[in-house]
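First comes one chain, alone, set out as C-alpha cells in the form predicted on its own.
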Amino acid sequence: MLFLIEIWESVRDFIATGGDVLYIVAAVLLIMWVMMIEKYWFITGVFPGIKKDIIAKWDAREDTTSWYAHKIREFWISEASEKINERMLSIKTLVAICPLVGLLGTVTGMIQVFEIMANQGTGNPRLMAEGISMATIPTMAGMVAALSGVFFSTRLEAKAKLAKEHLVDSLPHH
C-alpha cells in the first residue's frame, strides 16, 4: 500500500510541475488506449466468430459463381471490413491530438513565464523555472503519449488489414 501511495505522490508532483494540461493529456491517452484495447479485443476475439459465420454462409450457398453471388460476397466482405475498420480513424486522430495537447501546455506555460516576467521582472529565476517546467513537461507527455499510440495503432491497422485479407481468401470463387 505504501508503494501505491508513493506512486500517487509522484504522479501528483508530476502534474503539479507540468500544470493542468496534463489532465487533458491523460484523458486523451486514456480514451485512446481504451479504444485501442477494444479494437484489439474485437479483431482477436469477436471477428473470428463473424468470419466463421460468413464462411459458413458462403459455403452453404449452391451458387457461388454468378454475378449475384459475387455481389453478395463483396457485400459481406465490405460489411466485415467496415466492422474491422470502425473507430480506427478515431484512434489515429487521438494519436495525432496528443502532441497538440502537449503544445497547448507549452503555450500556457510560456504565458505564465511572460506574466511572471511582466509582474516581477527577470530577477526571480525560480518562478521563471516553474513556468518553463509547465511549458516543457506537457509537451514531453504529449509526445510520449503519441509515440505509444503510433506504435500500437500501426500494429492494429496491420492486424485489421490481415484479418480482412484472410476473410477474402476464405471466400473462394467456385
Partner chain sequence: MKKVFKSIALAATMTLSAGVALNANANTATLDKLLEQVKKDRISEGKINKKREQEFMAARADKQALLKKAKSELAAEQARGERLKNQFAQNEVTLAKKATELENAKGTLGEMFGVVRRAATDTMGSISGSIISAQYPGRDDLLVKLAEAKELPTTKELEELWIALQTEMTESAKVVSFDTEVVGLDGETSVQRVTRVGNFNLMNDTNYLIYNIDTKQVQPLGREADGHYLAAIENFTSSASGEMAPLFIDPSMGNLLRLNTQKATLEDRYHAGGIVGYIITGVLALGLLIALERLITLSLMGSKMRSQLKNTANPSDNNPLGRILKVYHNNKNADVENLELKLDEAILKEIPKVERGVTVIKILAAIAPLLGLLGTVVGMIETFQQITLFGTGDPRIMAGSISMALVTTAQGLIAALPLIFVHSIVAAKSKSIMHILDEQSAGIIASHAEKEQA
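Numbering follows the first chain given and starts at 1. As the structure is a computational prediction, the values presented were derived from the model and not from experiment.
The same protein has a further form, the form predicted together with its partner chain, not shown here; the description that follows concerns it.
**Q** Establish, in the predicted bound form, whether Leu94, Met110 and Glu115 all lie within 4.5 Å of its partner chain, using non-hydrogen atoms for the distance.
**A** Yes, the whole candidate spot contacts its partner chain.
**Q** May I ask you to state whether Arg61 is within 4.5 Å of its partner chain in the predicted bound form, using heavy atom distances?
**A** Output for Arg61 is yes: heavy atoms within 4.5 Å of its partner chain.
**Q** Is the gap between Trp67 and its partner chain in the predicted bound form 4.5 Å or less for some heavy atom pair?
**A** Because a heavy atom of Trp67 falls inside 4.5 Å of its partner chain in the predicted bound form, the answer is yes.
**Q** Indicate whether its partner chain has at least one heavy atom within 4.5 Å of a heavy atom of Gly49 in the predicted bound form.
**A** Residue-level check for Gly49: no, no contact with its partner chain.
**Q** With the cut-off set at 4.5 Å between non-hydrogen atoms, does Thr44 touch its partner chain in the predicted bound form?
**A** Heavy-atom contact with its partner chain at 4.5 Å: absent for Thr44.
**Q** Choose one stretch from 145 to 153, 130 to 138, 102 to 110, 36 to 44: the one whose residues place a heavy atom within 4.5 angstroms of its partner chain in the predicted bound form.
**A** Contact-bearing stretch, as computed: 102 to 110.
**Q** For a quick check, can you give me the residues of 117 to 154 that have a heavy atom within 4.5 Å of its partner chain in the predicted bound form?
**A** Read in sequence order, the residues that approach its partner chain (within 4.5 Å, in the predicted bound form) are Met117, Ala118, Asn119, Gln120, Gly121, Thr122.
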